[in-house]
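Starting off, we have a lone chain in the form predicted on its own, written out as structure tokens.
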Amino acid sequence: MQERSSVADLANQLRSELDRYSPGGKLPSSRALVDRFRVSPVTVSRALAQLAAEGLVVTRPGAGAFRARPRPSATSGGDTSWQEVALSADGAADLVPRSVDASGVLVSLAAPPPGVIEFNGGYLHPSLQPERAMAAALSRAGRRPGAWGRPPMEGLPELREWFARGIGGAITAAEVLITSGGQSALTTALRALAPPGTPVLVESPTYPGMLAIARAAGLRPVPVPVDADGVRPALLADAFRATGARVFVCQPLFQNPTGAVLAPERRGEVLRIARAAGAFVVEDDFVRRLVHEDAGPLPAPLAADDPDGVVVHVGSLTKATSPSFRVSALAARGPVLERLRAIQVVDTFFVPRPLQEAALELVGSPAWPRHLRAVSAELRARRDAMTSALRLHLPEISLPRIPSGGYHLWPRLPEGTDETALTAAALRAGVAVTPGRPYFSAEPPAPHLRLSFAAVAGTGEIAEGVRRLRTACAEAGGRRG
């Protein structure tokens, strides 16, 4: 019997026997199922993953599989009924012309000319990417039974389960959709949650690619300032009241570009404010796997603390692997999940199955944790090298925050610095940098640069790049004293 049909047969048999177990009750071990049904361990694993994706069982690494408990009712737990109002509220805002401006995205995507040091990159340098592990994973994936067939539109059950475990809380595999990269997931989320012409609240500053998505969808980005502890709740509440917005997009962990982490006391407040406004929070958890070696324990995603379906979570493997490894996930609870799924199907049908299979092979291999540890150590070393070089050669540039995760710094330039002139001078000096202006949806409070330390070859190139930047500052008149 083919592996694919064996998985389906076993899943059907186990599904029919679930009533034998009480909610929360433990199912037979994988070894027992192998012996009883005379199938391979892989078949058992995939069948259980299928049931987990359907919300019928819960798998716990090292403990086994358990019958899922009934979902909490509106009186005993979360209540997603509010979404029916939020999803149908068109608002009365004037329509906003849809414009597509890719300039802020192209800054981090376009390769600089030969010989130019890449301080503007948004991805890991090839020397930091797990190229051998990805190649091996893709090779193994291509030999999996059915690897070149059509995948489930929501994504492979095992991959959905893996993302659900990473989010934590009450999120299940059934509430996860596999998408083609974080940018695609954000696009789907904004299209699902906000009709054209309406406002969308964004952090200020924020990722230019997200601003481009919003404007291309005919939305009006409204800035909410970020400080050292993340978005400011009082200003977020004011923005909801003033605009009637139904969506707030944020990056609670190592925010791009500031590197801020949403403070513990603000996490619940942000969710409460959004819930009171009948609004969704789109959580872009883009660099959770690029934590630095000296960071402490990471806070859980906001989605893990959200029983009411306020949070639509976006997580991706791309930043920790390769720009071409475009596998990500959307997680949501309640009626909005069907809308997200429908939009994704219309836009892309599904993520190619070989890539999903390769993702499973990669994250399930011993090479994956080794890669994450190596990147964690290297990013810390590069961050420290760039910080030291800037303080030595450009002391007039302010570094208000040294992040413990992510791949860049956000220095504030002296007042009066012309970002455009400095960026052009830097390119002439042989170093590509990103100006701060595209990160603001309104007037910026001060000039900034975003300097990436992940896209360069090593610490030696970082030191040389900062020396070139010093030359550019002198040429552009950006140096003081």
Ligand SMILES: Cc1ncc(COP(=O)(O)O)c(C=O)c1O
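Quantities reported herein were computed from a predicted structural model and do not represent experimental measurements. For every residue, the number given is its place in the sequence shown, counted from 1.
Note that the form predicted together with the ligand isn't included here; everything after this is about it.
Highlighted residues 83, 240 and 280: none comes within 4.5 Å of the ligand in the model of the complex, counting any heavy atom. The shortest heavy atom separation between residue 318 and the ligand in the model of the complex is within 4.5 Å. Although the partner is absent here, residue 256 lies within 4.5 Å of the ligand in the model of the complex, judged by heavy atoms.
A residue is said to contact a partner when one of its heavy atoms sits within 4.5 Å of a partner heavy atom; residue 181 meets this definition for the ligand in the model of the complex. Although the partner is absent here, residue 311 is not a contact residue: none of its heavy atoms lies within 4.5 angstroms of the ligand in the model of the complex. For the options 368, 123, 410, 162, the one in contact with the ligand in the model of the complex, meaning a heavy atom within 4.5 Å, is 123. Note on contacts: among 351, 231, 331, 186, the single residue with a heavy atom within 4.5 Å of the ligand in the model of the complex is 186. Per the 4.5 Å heavy atom criterion, the ligand in the model of the complex is contacted by stretch 284-292, the sole one of 271-279, 284-292, 147-155, 397-405.
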